[in-house]
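Quick setup: one chain, the form predicted on its own, written in structure tokens, and binding and motion questions come after.
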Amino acid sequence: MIELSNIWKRYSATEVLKGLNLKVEEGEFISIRGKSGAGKTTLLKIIGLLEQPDKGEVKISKKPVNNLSDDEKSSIRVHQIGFVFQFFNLIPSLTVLENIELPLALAGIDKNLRKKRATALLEYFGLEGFAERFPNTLSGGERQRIAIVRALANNPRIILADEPTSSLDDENSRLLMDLLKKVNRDRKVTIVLTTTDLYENLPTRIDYILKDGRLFER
């Protein structure tokens, strides 16, 4: 599903990724641990086609993507990749239901179908009671769970979760991981999750450390 070969990335004088290699099979759930500044977010941005590596090849679903046009990359992001960010990135002026509809609108889905799909997702995860609430009325854990549901709106094949538990307490972190496990198990979505916690017990099947610009399996 994801293949990175000899990936290099530099910002100014700092070499962040140094010949990094990664293969992620379809339906896999992996974690990438590393200290702040290790390059985890950069790595996810390269997988998510938001950043271009300085050197190396990126393949999504066996297709080379480095040389695709911006429109082609945007189409892959909209239809194949869901993003979960560290600080939720929900739109405060929209209800929960409207936030989940947003990726569907970007994909050109009809308004009635958008609402039907978003409502069905909330019901599937037992979160329908949040539909008409606004993000600022939700706890951090609730907002992050809604962010995951939003990431699923266009039935992506890949979810990239950038330190999704970093601002959550232990209980909400567990609830979030339970939700990601359900997504991975029931929907066969490939998940790549990053964390700065080197010791947290994670439900991922493969666990990597990002150190000195390269990945090492734990």
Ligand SMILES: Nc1ncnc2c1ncn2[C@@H]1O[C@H](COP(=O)(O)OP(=O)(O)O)[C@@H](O)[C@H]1O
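These numbers were taken from a predicted model, which means no experiment stands behind them. The first residue of the sequence shown is number 1, and the count goes up from there.
The same protein also has a form predicted in complex with the named molecule, omitted here; what follows describes it.
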Notebook entry, point to check: Between the options Leu49, Leu152, Ile158, Ala38, which residue brings a heavy atom to within 4.5 Å of the named molecule in the predicted bound form?
Noted result: Ala38
Next item on the list: Spell it out for me: taking the named molecule in the predicted bound form, does every residue among Asn89, Phe134 and Asn136 have a heavy atom no farther than 4.5 Å from it?
Entry: no
Checklist line | in the predicted bound form, segment of 55-63, 22-30, 172-180, 41-49 with a heavy atom within 4.5 Å of the named molecule | finding: 41-49
Check: Looking in the predicted bound form, any heavy atom of Tyr11 within 4.5 Å of the named molecule?
Finding: yes
Notebook entry, point to check: Going by a heavy atom distance of 4.5 Å, is Leu202 a contact of the named molecule in the predicted bound form?
Noted result: no
